[in-house]
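Below you'll find only one chain, the form predicted alone, shown as structure tokens.
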Amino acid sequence: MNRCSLAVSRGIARVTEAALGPYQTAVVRIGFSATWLLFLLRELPHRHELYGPDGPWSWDLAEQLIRTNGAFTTLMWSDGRIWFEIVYALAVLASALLMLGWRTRTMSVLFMVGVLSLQNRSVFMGDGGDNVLHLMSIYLVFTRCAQVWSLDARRASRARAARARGERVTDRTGPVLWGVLGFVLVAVTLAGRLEGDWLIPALLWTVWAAQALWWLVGRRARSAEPRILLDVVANVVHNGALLVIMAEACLIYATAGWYKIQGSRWQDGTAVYYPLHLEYFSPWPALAGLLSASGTLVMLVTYGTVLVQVAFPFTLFNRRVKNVLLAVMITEHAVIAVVLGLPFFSLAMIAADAVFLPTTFLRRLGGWAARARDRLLSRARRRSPVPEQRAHESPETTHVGFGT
């Protein structure tokens, strides 16, 4: 009984004391925001046909559907071309800033608004990757995904260093951004634009109010207890969202695998052959023909795909087997991106898979990226012209100033 109570208390402490998986959630944040950003930039010349006023799914048809299902989209607030351009530009900007980790909590909300606005405007323009992105954009709002590899983490580190030196740190950008977005939220609510499903409007108001409470506690609380309580609540919400993301990824693979088992083409080992010869999924016909020339290879890939997808959720209990299957699935998605011409579907699935990557590997990956960045910066500095030294400065003084 004592051992059971001790295990329970340790589990509660682990869930409440820290936001778990900081590197995993950072990779998920960067992966999904980069996927959406690249998609928006690639479709920039075709944005009006996909989601705008020139699309086959007209504004009137979208209005009828949304009136039925209550989906959230800001594009239905106006059918003007200028409003569409504003929403599209804000979606691009929010994706870029979320990827960099600038004001991550606010940008995650704006990222979700951009994803839902565009996808719910034209529901027939997506694929499986859009569905994953749709769900993950909502889950990211609940995570503390900027603990590492973000501008927010760098700003927090500099603020702690400044406080340690006895300096006063003030944040003017945060309150101004909160006030502007609050004004917009109040305006659209009073205008009746948040009608329909209650979930997204409630989430927007909750995050906005929580940000105000967080700021007030940080500035006005005389003791540390209120801030500790808010940290505990934020950690519990983050860890719950992380668990949901992991369960969602497992559910995607499990359902995909079990549905494949029921298909006759997957049972006889020929299912992979057919998409390789569809014109829509064959950007490289010669490569597709080469891969499908061997019946044995097609059979192995077909059965291997089903086996990996069905088995993956069960391998989470064995770290080594899980890492092997994870590498196989990421490789498979990379091949799908090239052979079948589905890069954004593959990027979305790889971003979802990243939540299971081991922390040691992610730290090593971060170290490689940091060293590559430092080498690029050092090369840029060597190539830039060195300013002439002033007559009253010594070479040592100039070198120290440049290095800092």
Partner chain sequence: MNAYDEGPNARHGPGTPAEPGQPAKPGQPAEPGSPAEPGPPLESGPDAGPRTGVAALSLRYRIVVAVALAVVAVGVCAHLGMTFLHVAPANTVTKEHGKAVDDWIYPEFEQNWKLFAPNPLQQNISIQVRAQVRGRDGMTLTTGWYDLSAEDGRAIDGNLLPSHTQQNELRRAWDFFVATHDGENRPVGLRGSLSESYLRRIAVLRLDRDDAVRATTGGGGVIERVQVRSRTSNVPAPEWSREKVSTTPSYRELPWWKVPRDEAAGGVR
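Positions refer to the first chain, counted from 1. Computed from a prediction, not measured in an experiment: that's the story for all the values here.
The same protein also exists as the form predicted together with its partner chain; that form is not shown, yet it is the one meant from here on.
**Q** Indicate whether the candidate residues 77, 331 and 378 are all in contact with its partner chain in the predicted complex, with contact defined as any heavy atom within 4.5 Å.
**A** Heavy-atom distance to its partner chain in the predicted complex: none of the three under 4.5 Å.
**Q** Among the candidate residues 324, 186, 233, 287, which is the single one with a non-hydrogen atom no more than 4.5 Å from its partner chain in the predicted complex?
**A** Contact residue from the list: 233.
**Q** Its partner chain isn't shown here, but in the predicted complex which of 243, 300, 93, 161 has a heavy atom within 4.5 Å of it?
**A** Flagged contact: 243.
**Q** Flag residue 30 as yes or no: does it have a non-hydrogen atom within 4.5 angstroms of any non-hydrogen atom of its partner chain in the predicted complex?
**A** So residue 30 does not count as contacting its partner chain.
**Q** Is residue 140 part of the interface with its partner chain in the predicted complex - any heavy atom within 4.5 Å?
**A** Residue 140: no, not in contact with its partner chain in the predicted complex.
**Q** Can residue 146 be called a contact residue for its partner chain in the predicted complex at 4.5 Å between heavy atoms?
**A** Answer yes; at least one heavy atom of residue 146 falls within 4.5 Å of its partner chain in the predicted complex.
**Q** Does residue 274 reach its partner chain in the predicted complex if we count a contact as any heavy atom within 4.5 Å?
**A** So residue 274 counts as contacting its partner chain.
**Q** Scan 185 to 217 and note down the residues that get a heavy atom within 4.5 Å of its partner chain in the predicted complex; none is a fine answer too.
**A** 197, 199, 200, 211, 214, 215 sit within 4.5 Å of the partner.
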